[in-house]
Structure formats: C-alpha cells, structure tokens
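In the form predicted on its own, a lone chain appears below as structure tokens.
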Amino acid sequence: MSDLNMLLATALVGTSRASLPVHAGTPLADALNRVKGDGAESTLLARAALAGLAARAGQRPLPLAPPPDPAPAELLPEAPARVARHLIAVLNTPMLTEWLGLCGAAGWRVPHASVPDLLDWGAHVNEDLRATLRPVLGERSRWLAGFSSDWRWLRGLRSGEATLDEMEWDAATEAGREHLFRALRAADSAAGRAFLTVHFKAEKAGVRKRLLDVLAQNWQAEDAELEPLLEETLSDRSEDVRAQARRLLQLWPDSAYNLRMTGRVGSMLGQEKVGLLGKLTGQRKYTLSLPDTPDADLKRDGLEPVKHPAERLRHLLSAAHPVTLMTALDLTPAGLVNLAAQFEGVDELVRTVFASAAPPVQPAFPELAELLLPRLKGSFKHWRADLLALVPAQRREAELHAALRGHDSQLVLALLRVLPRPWPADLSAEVVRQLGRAICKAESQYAAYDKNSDWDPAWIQVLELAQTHAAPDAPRPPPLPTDAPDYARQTLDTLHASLDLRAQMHADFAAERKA
C-alpha cells in the first residue's frame, strides 16, 4: 500500500481508533516517519500534505510533443506599408471587404501582424465575406489556423479543392455543415452536386433545408442534373424541405415539375370567341374549368384541392416558370400578363417572375417586368425594385434618379442595394446631396421616427450604404446651411470622412501598383 493510501485508511478510521502508520519500504518512508505534530491529528495531516506534494511534484516530466512543422514559404508578396496602414482603420468595419478586394486584385497578401485579427473576423462572418479574405491570407495564415479551433474555417476547404473532410463534416453543427457545403460548392460546383447526391438523404431535416437553401441562393444551369434528387424530395417528411425542392424545380424551365404545372393550366383553359377589337389587339378571352380526372401528383406538387377554377389558376401561376407557361400555351409576355389579369392573378405572376429570375435571366423577363410594373397595387408595390432589377440598366437608372428627385427613400434604398460598388460619380453625388436635404433639419437620430420628418429609417440605411458604395471621388455637395443642427452636420461629416478615407485608400493602391 502506498504511503498516501495508508494515511487515508487511518483518517477514515480516525486517530482515536487507529494508531499512525509506520512507513517502510518507500522512498518517502523515512521523511514521513520524522514528521511530528502537536497531536495525532496534526501529525496525520502534516504527513498527508508531504505525501500529496510528493505525488504531484515528484513525477517524471512527460515527454515533449514534437515541434510543429515550420510555416511554409509565402507565395505572394506582402502588401506595401502604404496600403497596409489603412487596414488598421477599416478592420471590423464595412469598408474592410473593399480593402481586401483591392489587395486581392493587386496580388498581395496581408501583413503577418494582421493575420490573427483577420482570422478572428473570418470566424464570425458568412462564407461570402470569407471569400474576400481567403485569397489574401497567405500560407502562414493557413499554417497558423491549425493551432486554434476558432480558425477551423480556414483549415477546411480552399479555392480549388473539391473534397470535404468526413470527420469535420460529422463533427459540424447544422450551420457548420451549411458553411462546409457552401465552400465546396464555391470551389467546385460539380463536386458539390456529387456530394449532395450521396449525403442529402442521410441528413436531418434542418440540414437538408440548409443545403437546398445554398442551391437556391446561387442556382446554376448545371444543377438541373439534380432533378431526380429534387423530384424524390417532393415526398420528404419535412414540409419546409418539400417547399424548397419545389422552388428549385421551378427555376429550371424544362423540369418535369414545370411541365406538370403547365399541363394543368392547359387542361383548364378554353377560349371565347373574340370580336373585331379583340382580333385587332390580339387579346384572347379565356374560360376556365376544373378537370374531371383526379390528379395523383397534386398534393406532392404542393397544390391543395379548390372549388373555383380561378383559384387553381392563381396557384399554378405562382408555381410554374413563366417561360414554360408561355411556351406551352403559345403566349407572348403580354398574353401571359393578360391571362393573369383576367383572373386576378397578377400578384401571383409577379411573385413567380421574381422567384424564377435566377441567372441566366430568360430573355422574356425584361418585357414581363415592364408589363407588370404598372399593375403593381397594394402590398405588392414593394416588389417594384425587384421587377426593376430585371429591366435594362438605363431604364433602372432613370427610375432611380426619379426616385431620388421624388424623395422616395424606400425605392431609392431598394434600387441602390442591387447596384454594384462603386456607384457612378454622378449618382453618388446626387445620393449625397439628397441625404443632406433629408437630414438638414433633423435634431437627432430619433428624428427618423418622427412622422413629420424627412429623415426616415430608409434614409439612414441609404447613408450606411453610401459610406461603402458611393464613388469615393464623387464631388461633394455644398455645405449645409449655417442653421443646420449639429447632428445633421456630424452625420454628413462622418459620411465625408468615410469617402475621404476610401479615396485615399484607392489612390494609395493605384500608386503602389504602378510603382
């Protein structure tokens, strides 16, 4: 029995019932026997303290782990100090992605001293933002990421890789699996489709929904090869998963799902005879009737039984791809809009045009959007910006300038959000000028919630967008009036400071790239 166990046995019995043990045959025996206290209890405690200390401190040191391999040599040159100085100012701000984009375009990497902060930033943003960071991190960053679980996102898939670590996939949360699949799809979409085909059915409903969400966010024409999987998913146990599968199948005009939908429309339609005016205008008048034959795929395709033919038609208009409808029914864009209008289905057609407008956008969509814009009513007016995203750029820019002149902050915000950065200089100057006009009399940020104020929450979001998207060299408008509140001055000064910083940043990058 060890010295410590002997002392423990005596303590359990009690010194009043057992005498202190005599230690022998151990390296610590003589030292323990020499320990004396004021009584049996204190002697026992003192000896236990010595034995415990020896047990902790008297162990042989564990063998050292082998040192890690040194970081590999860098393949990219470091960003020059002239541009790297801006990184400190823009770190953890919306301007960081612009700096990263300029750095990547120049073929440079971030300085080593900034790597830990950027790895921390990458751990808390989505994969789209990480995509701006990955190209400029360099080899040492990837080596360093192996020493922290928080930086695991960089140790995973890199651009050009086409496999996923099965152990990492198994250990990942639902959100983590979404990120891993998103990175795989960004690196190699074909590998992403192959991975989905193998793993999709075995995942939980939450993961299945997330994986389909990734497909929906960047649908590609080649994804049509997933149709058998998506068709099978129409019978999934989860309604959320089934609904997302239907939305994906709707994106492919030639899918069996769309053909079933248009077949149902065709079986309902009849044509009335038209008079001379109808023949001259080319407009058709339709009749509707529900088919007598039961439809076995009705519920599987997300349709419920209805009593009125017009209600069924509206459901079909919102579920079928517009191009498939026009092809199957031999309709022009105007003919499809007139059909929808005749049976009060314009709202449903607007919804399906927006839902089906995945790249590449079909040639008929700009005309459909133009025809539907004047028909937007009620709650569907907020779809105006989405429809304008489908029309030619010149038409959209004219609408944006009209919205700025009319101080329509909601439409201005919606249209500006879809414009790539940086905005044209003339548009940037007009946005800044209108921001100054809107905020001119605002006493504080809370003025945005005053119903009589020109400064509303939409303008606040336009202001935030302008800080990162307006052309940094755009001409500045005249200063605010002398009686403008301090809040108005400070707010516009902040905007100008952001634009000045970005202008200097662009100038420094341009100068260093020429050097």
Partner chain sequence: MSQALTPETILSLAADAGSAANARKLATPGKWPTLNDADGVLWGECQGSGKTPYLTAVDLSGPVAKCSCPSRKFPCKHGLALLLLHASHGSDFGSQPAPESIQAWLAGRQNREVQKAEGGQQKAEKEADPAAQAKRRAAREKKVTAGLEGLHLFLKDLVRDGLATASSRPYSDWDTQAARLMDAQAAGAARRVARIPELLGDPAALLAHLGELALLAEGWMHRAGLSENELADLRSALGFPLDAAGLLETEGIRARWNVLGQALIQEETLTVRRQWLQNSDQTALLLDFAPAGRPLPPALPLGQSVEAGLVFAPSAFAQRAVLKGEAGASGPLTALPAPLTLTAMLSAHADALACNPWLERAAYLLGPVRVLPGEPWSVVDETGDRLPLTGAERPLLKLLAESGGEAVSIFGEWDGAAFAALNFWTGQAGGHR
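Since we're looking at a predicted model, the values are computed, not measured. Positions refer to the first chain, counted from 1. Note that the rigid core is defined as the largest set of C-alphas that superpose within 1.5 Å between two forms.
The next section is about a form of this same protein that is not shown, the form predicted in complex with its partner chain.
Enquirer: Pick from 392, 424, 291, 116: which has a non-hydrogen atom within 4.5 Å of its partner chain in the predicted complex?
Expert: Comparing distances to its partner chain in the predicted complex, the residue within 4.5 Å is 116.
Enquirer: With its partner chain left out of view, which of 218, 445, 148, 126 would have a heavy atom within 4.5 Å of it in the predicted complex?
Expert: In short, 148.
Enquirer: Residues in which of 257-265, 325-333, 339-347, 85-93 have heavy atoms within 4.5 Å of its partner chain in the predicted complex?
Expert: It is the stretch 85-93.
Enquirer: If we define contact as a non-hydrogen atom of the residue within 4.5 angstroms of the partner, is residue 59 a contact of its partner chain in the predicted complex?
Expert: The answer is yes: residue 59 has a heavy atom within 4.5 Å of its partner chain.
Enquirer: Hey, in the predicted complex, does residue 511 get a heavy atom within 4.5 angstroms of its partner chain?
Expert: Flag for residue 511 set to no.
Enquirer: Even though its partner chain is not shown here, does residue 209 get within 4.5 Å of it in the predicted complex, heavy atoms only?
Expert: No.
Enquirer: Taking heavy atoms only, is residue 450 within 4.5 angstroms of its partner chain in the predicted complex?
Expert: So residue 450 does not count as contacting its partner chain.
Enquirer: Heavy atoms within 4.5 Å of its partner chain in the predicted complex is the criterion; list the residues of 460-475 that meet it.
Expert: Read in sequence order, no residue approaches its partner chain (within 4.5 Å, in the predicted complex).
Enquirer: Can a Cα shift of no less than 2 Å be assigned to residue 507 between the shown form and the other one, given superposition on the rigid core?
Expert: No, because once the rigid core is superposed, the C-alpha of residue 507 moves less than 2 Å between the shown form and the other one.
Enquirer: Does superposing the core leave residue 488 with a CA shift of 2 Å or more between the shown form and the other one?
Expert: No, because once the rigid core is superposed, the C-alpha of residue 488 moves less than 2 Å between the shown form and the other one.
Enquirer: Taking the rigid core as reference, does the Cα of residue 63 move 2 Å or more between the shown form and the other one?
Expert: Yes; residue 63 is a residue whose C-alpha shifts (by 2 Å or more) between the shown form and the other one when the cores are overlaid.
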